[in-house]
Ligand code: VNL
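The chain below stands alone and is given as structure tokens, in the form predicted on its own.
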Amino acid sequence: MNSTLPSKRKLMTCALGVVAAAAATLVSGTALAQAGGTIKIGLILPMTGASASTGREVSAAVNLYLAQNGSTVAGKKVEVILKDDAGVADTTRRLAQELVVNDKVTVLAGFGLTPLAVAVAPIATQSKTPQVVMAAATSSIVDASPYIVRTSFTLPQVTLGMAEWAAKNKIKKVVTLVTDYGPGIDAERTFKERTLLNGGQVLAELRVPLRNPDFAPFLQRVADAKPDAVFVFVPSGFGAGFMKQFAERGLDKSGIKLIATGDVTDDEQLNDIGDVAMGMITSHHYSVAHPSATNKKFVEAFTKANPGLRPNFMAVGGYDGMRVIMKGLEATKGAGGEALLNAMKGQVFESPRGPVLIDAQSRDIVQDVYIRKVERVPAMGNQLYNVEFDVQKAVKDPAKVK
């Protein structure tokens, strides 16, 4: 053996030292942020790329909440630092590291897709920085760090209602078609399990790539299987492309029912999708047409502040996420870390989507889930809306139901 090479023990000692130094840097950055005169929130979103619509909606809603409620806590100015990760997890991780170490943020927030949220979880844990997930929806995200709080939703949470509706409406033979990543797999598994439990059949389980999806060959397989219905999940922003190909393949006239989670009939894109979506049944936790007074005020303020942009479920996740952060900071008088995490857990409030709870044990959101039908509403400008006609109250993510 070459005696000039370092021993395994020395290499391990060196590696552990690097990790310890990095963790110490992250923790000291957070402590300095709390001691300063400004409270900084790092907002990481896909402002460009395939998921840019998510970034636009969440950032607009964050700005709206601050404009309505003020940006000062305990005599300190709250500053939101927006960073564009373009939907790339390596970029998200790097930006989070820079925000904690260089900008000394008290909170990390945003996260448009599951891989982006998960990529930051170790940084949140090491630096003891609360991480508020405003958009990503895989069930297991909150398990990636004890510092994660979610204000969006989970796919199992909104899928259960669709599976139950299908069974009650004599849909027995189904094909599932989902985007091949965490939330899609969650939706597929939840829908299949509940369909089988209700005595139905799943004829095929189809998974479409997340990047550059071409739905045509998968839709052909749906047509060949001749199910009663096809259950679909695609991420926010992908619904228009899917519906266009659904119509081009003639499936809208095939007699095969199209049922989905509300991501497919995203409120922001619904009018662009057009009449091919008419009558489509979906389940979700928010519709811009939700008939509460709180939501009507939210929609009016959002559209006034963002002409041409209709708020969607991503906007509500951002709006409520900012509410949870600010109310938590008020309770801690501007302190971050463990104190802020504890102040965010257990919050109960009326959201534009309806009543919500941040569960103190799971750190996940509990909320109503609505069954909706796409209709053209004359009283609302004759535009297309997801009109709610049934509701499941106070739904937890199924994985957190004991």
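Start at 1 with the first residue shown and count on from there. Remember, predicted model here, so these are calculated numbers, not experimental data.
The form predicted in complex with 4-hydroxy-3-methoxybenzoate (VNL) is left out here; the points below concern that form.
Counting only non-hydrogen atoms, choose the one of 309-317, 189-197, 80-88, 323-331 that falls within 4.5 Å of 4-hydroxy-3-methoxybenzoate (VNL) in the model of the complex.
Looking at the other structure, the answer is 309-317.
Contact assignment for 4-hydroxy-3-methoxybenzoate (VNL) in the model of the complex, among Asn295, Ser287, Ser145, Thr138, heavy atom within 4.5 Å
Of the candidates Asn295, Ser287, Ser145, Thr138, Thr138 is the one lying within 4.5 Å of 4-hydroxy-3-methoxybenzoate (VNL) in the model of the complex.
Which residue among Val178, Leu155, Met162, Ala96 has a heavy atom within 4.5 angstroms of 4-hydroxy-3-methoxybenzoate (VNL) in the model of the complex?
The residue in contact is Leu155.
4-hydroxy-3-methoxybenzoate (VNL) contact at Val120 in the model of the complex, heavy atom, 4.5 Å:
Flag for Val120 set to no.
Would you classify Phe233 as touching 4-hydroxy-3-methoxybenzoate (VNL) in the model of the complex, given a 4.5 Å non-hydrogen atom cut-off?
Yes - in the model of the complex, heavy atoms of Phe233 and 4-hydroxy-3-methoxybenzoate (VNL) come within 4.5 Å of each other.
Give a yes or no for Leu113: in the model of the complex, does one of its heavy atoms lie within 4.5 Å of a heavy atom belonging to 4-hydroxy-3-methoxybenzoate (VNL)?
Yes, Leu113 lies within 4.5 Å of 4-hydroxy-3-methoxybenzoate (VNL) in the model of the complex.
is_contact(Pro130, 4-hydroxy-3-methoxybenzoate (VNL)) in the model of the complex, heavy atom dist at most 4.5 Å:
Output for Pro130 is no: heavy atoms all beyond 4.5 Å of 4-hydroxy-3-methoxybenzoate (VNL).
Going through 183-205, which residues have a heavy atom within 4.5 Å of 4-hydroxy-3-methoxybenzoate (VNL) in the model of the complex? Please give them in sequence order.
The one in contact is Pro183.
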